[in-house]
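Just one chain follows, in the form predicted alone, and it is written as structure tokens.
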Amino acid sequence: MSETTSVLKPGEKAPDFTLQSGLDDTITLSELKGNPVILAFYPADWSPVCGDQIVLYNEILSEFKAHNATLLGVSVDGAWCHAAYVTNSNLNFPLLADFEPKGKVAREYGVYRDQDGLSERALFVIDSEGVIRWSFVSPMGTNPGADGILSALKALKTGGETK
């Protein structure tokens, strides 16, 4: 787990950020207000577990979109690495470069691994008002799948709680 801070919990306001989402583009979290956002922090492009996780999310992207949710992948890799990975994996959602200052956003969410210089494999579902409604940190070598994300999105629609 992160040595610097604790993981942000449901009910906390999601820290705003602007990160590079391509070679010439950026995404600002607060500009996505009005619909849910899924933040999928992952350690690195090209690693086996990350590849499985990110490709799974790409395959079920329509299920996230059915909840009007925007999926954003976040790692400390740079924009050039992300661009190559998006092209190679045929991804249809943005990967954000938490590159410089390295891991700044991961630190704000409490999921930066100082000992490794990477982010945890962590998921956050943020509601339309910018409040975290669900968070989960998976062991580094385990693909967390999508069940928790989908349950959290369903709970947003019904007003229920997600643990």
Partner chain sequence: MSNEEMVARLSVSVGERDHVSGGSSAAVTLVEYGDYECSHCGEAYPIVKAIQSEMGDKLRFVFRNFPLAQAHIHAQDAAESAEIAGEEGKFWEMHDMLFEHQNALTEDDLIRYATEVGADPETFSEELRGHTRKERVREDFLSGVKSGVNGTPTFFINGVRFDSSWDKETLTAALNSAG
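None of these values were measured; they are calculated from a predicted model. Residue numbers count along the first chain shown, from 1.
What follows is about the form predicted in complex with its partner chain, which we do not show.
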{"query": "Location of its partner chain contact in the model of the complex, chosen stretch of 96-104, 112-120, 57-65, 26-34 [non-hydrogen atom, 4.5 Å]", "finding": "57-65"}
{"query": "Distance check, Leu19 to its partner chain in the model of the complex, heavy atom within 4.5 Å", "finding": "no"}
{"query": "is_contact(Phe136, its partner chain) in the model of the complex, heavy atom dist at most 4.5 Å", "finding": "yes"}
{"query": "Exercise: Pro10 in contact with its partner chain in the model of the complex, heavy atom 4.5 Å", "finding": "no"}
{"query": "Distance check, Ala40 to its partner chain in the model of the complex, heavy atom within 4.5 Å", "finding": "no"}
{"query": "Within 4.5 Å of its partner chain in the model of the complex: residues from 129-151 (heavy atom criterion)", "finding": "Phe136, Pro139, Asn143, Gly145, Ala146, Asp147, Leu150"}
{"query": "CA-CA separation of Cys50 and Asp77, closer or farther in the model of the complex than in the form shown [shift of 3 angstroms or more]", "finding": "farther"}
